[in-house]
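Here's a solo chain for you in C-alpha cells, the form predicted alone.
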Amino acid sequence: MSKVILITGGSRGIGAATARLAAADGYAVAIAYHQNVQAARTVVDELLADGHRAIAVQADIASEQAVGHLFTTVDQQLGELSGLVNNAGVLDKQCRVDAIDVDRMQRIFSTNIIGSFLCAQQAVRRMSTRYQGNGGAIVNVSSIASRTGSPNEYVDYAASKGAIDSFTIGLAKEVAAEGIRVNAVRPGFIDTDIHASGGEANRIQRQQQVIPMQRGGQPEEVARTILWLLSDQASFCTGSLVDVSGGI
C-alpha cells in the first residue's frame, strides 16, 4: 500500500506543488480546500490522470467538526495516514497594526494557528505509537515573516507564523518518542497568488532587491523541502525550522 499524505490548502501554490511531488514520490494524496472547488478538482484530476490515488475534501480547518470529518474521510478513502502538511493559511490586505480590526485577527489566527493545531491533533491520534499508530511526519508551513515581522504589511500574519514556529518545536518534543517527526519550512517571497490576496500582486518584484538571491522562489522549491522533511532521508530531523527564502 502507498503512503498516505494529507495537505491542507492543497488546491494551489505551495500546497498544489507539494501534492504533485508527493504523488510522484508514491504517496496517495488527499488535499483539503476551503472554497475553491474547481482548483482542487483540477489538481486531483491531474493526479488521477497520471495514475495516482488522490482525493479532494472540502473543510474549514478552523472548525473542529470539519477537521474531524476531513480526517475520517481520508481514513475511509485512502487508508492509514503517514504524513500531514499544515499548509493552509490566510492573510488580508496590507496595513499597519493600528488599522487591524478584531474580525481580521480572529479570522487569521483561527485558520493559521487553530487550524494547524486541530489538524495536528487528528494526525497524532492516528500516527503516534501512543495510540497504536505506526509513526509518521508532520510538516508545518510557517513563513520567513515569523522572523522579519512584516511591518506595515502583515504583522498579524507574521505573528500567526511565529506561533507556528513555537508550535512546531513544542509538538516535536512531545511526540519525538512516539514515532512522529515534526518540522517546519519557512518560505520567503514565493511566486504564488497569496500576494494578490494581500492587495499587491507584484509584491515580489518590489521586494526583489532585498532578497540576497535577487529573485523570488517557486512553489516547487518549497515543496521539495517539504517532501525531504517527510521522507526517511530526514529521519533524525525534528523540531527544525528550515528557511527557504533565498537568503533573507
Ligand code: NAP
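All values derive from a computational prediction rather than experimental measurement. In this text, residue numbers run from 1 along the sequence as written.
This next part talks about the form predicted in complex with the named molecule, which is not shown.
Interface residue among 208, 65, 202, 35, judged by heavy atoms within 4.5 Å of the named molecule in the predicted bound form: 35. This chain is drawn without the named molecule; in the predicted bound form, the residue among 56, 180, 47, 61 with a heavy atom within 4.5 Å of it is 61. Contact between residue 14 and the named molecule in the predicted bound form is found at the 4.5 Å heavy atom cutoff. The shortest heavy atom separation between residue 126 and the named molecule in the predicted bound form exceeds 4.5 Å. In the predicted bound form, at least one heavy atom of residue 89 sits within 4.5 Å of a heavy atom of the named molecule. Although the partner is absent here, residue 111 lies within 4.5 Å of the named molecule in the predicted bound form, judged by heavy atoms. The stretch in contact with the named molecule in the predicted bound form, judged by heavy atoms within 4.5 Å, is 138 to 146, chosen from 138 to 146, 172 to 180, 75 to 83, 95 to 103. In sequence order, 157, 161 are the residues of 146 to 181 having a heavy atom within 4.5 Å of the named molecule in the predicted bound form; the partner itself is omitted from this view.
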